[in-house]
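A single chain comes next, written as structure tokens; it is the form predicted on its own.
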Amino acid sequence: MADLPQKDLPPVTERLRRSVVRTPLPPKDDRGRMKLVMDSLVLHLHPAKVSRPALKLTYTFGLGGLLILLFLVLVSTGILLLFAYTPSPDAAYQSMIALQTQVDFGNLIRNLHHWSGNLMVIVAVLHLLRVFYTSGFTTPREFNWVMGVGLLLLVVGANFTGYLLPWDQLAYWAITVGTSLLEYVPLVGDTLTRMLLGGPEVGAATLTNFYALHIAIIPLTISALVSFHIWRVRKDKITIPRQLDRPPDTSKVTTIPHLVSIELVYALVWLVLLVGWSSFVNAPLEEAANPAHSPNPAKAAWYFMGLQELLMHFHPLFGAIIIPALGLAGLLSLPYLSQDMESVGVWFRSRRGRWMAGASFALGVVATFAWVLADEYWLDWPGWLPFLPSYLSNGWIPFALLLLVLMGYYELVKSLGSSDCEARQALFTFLLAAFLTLTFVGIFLRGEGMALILPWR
């Protein structure tokens, strides 16, 4: 058939000849078979072609891929740590000492696990912010945004449950402070706390519960949600970056080798940085846990310090429950609010949005720090209103004033000609700056007795 002139072939036979010619032959050697398997695996995780502009590091920063890399590092190092760890109060701390002194490369593995977990929290937050500030949460990606928020909570939960496992003073009292926040949940607070702790206080049952959550329940849940999250990203299509007042560049390139080569180099660079950092900076480990001796100050894990700082200024019902719950509800509802701008893929939506976001961040930092100083040295709602219960004098009243300030700021931004999307972005940035400032104050500016220590002192 191949020897016949092309013009003499009937149409059906010609189509058959072309299909035979174009079908690649199966590889004859092991190297070719391996390449075929790897290509098939890559194309199961990625589309065959990707947007050329989306490969720019200045748009994606590789945050999604970095999260997957960190998760794989955590799983692999976690499996190795299982061989040297015993989840009991009598042996957990000794396991940490043995890792540092007796197990070959044990300290390096623990350091890698610890710092990868902390970095994963930071990268997850940055990934969420990247999606928000490029409008990547709008139709049809609303549910994927909700899953992203859920994954962020799971990442924090994984770090929180792993925090206790060394069973040193830092871990024991950080978990004691962190779990005490649950007690302020109305009606079910005590029940939730006892379920998590396995009793009235942090003890052997708590370690067992946290160990099960940390090595099985949370990682399996993250794996399932990440798989669904990636599938939804492929289904809903990734956002294509574009410049202001310009249509998006719709050109595409093949995943192999363009995207794969970038991912490989990016992963290798981060692995080198992680191993280098973990080789010289040890994960913290204090003396063995002592329930009878509380450190001063007793602080929560660093990613909960913003919430602990809120408790310094609000009644616990508001600082630990109402304000965080409203913040989480606001995050989940963002993609379902009306969108009056078509700015998907544009950083900060517009030129006005950019300078409004920058101004809001600076204002949020200054206003929050000024409020912390005022509340520390001047404001005294319970003293001024001694006839009211504390949940009113130090709860509803300052909370209502805070809401009035936020509503006034939103209206001020709108009065400057901003759209609803730009105004919501400015308010979000203001609240983000406030939370980061509270976290900074809680970590670095709180000393003995949680007293405020100013930098110039």
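Note that the structure is predicted; figures quoted are calculated from it, not measured. We number the residues from 1 along the sequence you see.
There is also a form predicted together with a small molecule; it is not shown, and the following applies to it.
Peer 1: Answer yes or no: in the model of the complex, does the small molecule come within 4.5 Å of a heavy atom in every one of V73, A158 and I215?
Peer 2: Zero of three within 4.5 Å in the model of the complex.
Peer 1: Although the partner isn't part of this model, could you tell me whether A124 comes within 4.5 Å of the small molecule in the model of the complex, counting any heavy atom of the residue?
Peer 2: Contact with the small molecule, yes.
Peer 1: Applying a 4.5 Å heavy atom distance criterion, does R130 contact the small molecule in the model of the complex?
Peer 2: Yes, R130 sits close enough to the small molecule in the model of the complex that at least one of its heavy atoms falls within 4.5 Å.
Peer 1: Is there a heavy atom of G148 no more than 4.5 Å from a heavy atom of the small molecule in the model of the complex?
Peer 2: G148: contacts the small molecule in the model of the complex.
Peer 1: Could you tell me if S419 has a non-hydrogen atom within 4.5 Å of the small molecule in the model of the complex?
Peer 2: Contact check for S419: no, nothing within 4.5 Å of the small molecule in the model of the complex.
Peer 1: Quick one: find which of 103-111, 346-354, 236-244, 284-292 has residues within 4.5 Å of the small molecule in the model of the complex by heavy atom distance.
Peer 2: Checking each option against the 4.5 Å cut-off leaves 236-244.
Peer 1: Which of these residues, L392, L406, I68, V50, gets a heavy atom within 4.5 Å of the small molecule in the model of the complex?
Peer 2: Only one option qualifies, and that one is I68.
Peer 1: Only one of V226, L170, A92, L307 comes within 4.5 Å of the small molecule in the model of the complex by heavy atoms, so just point that one out.
Peer 2: Contact with the small molecule in the model of the complex is made by V226 alone.
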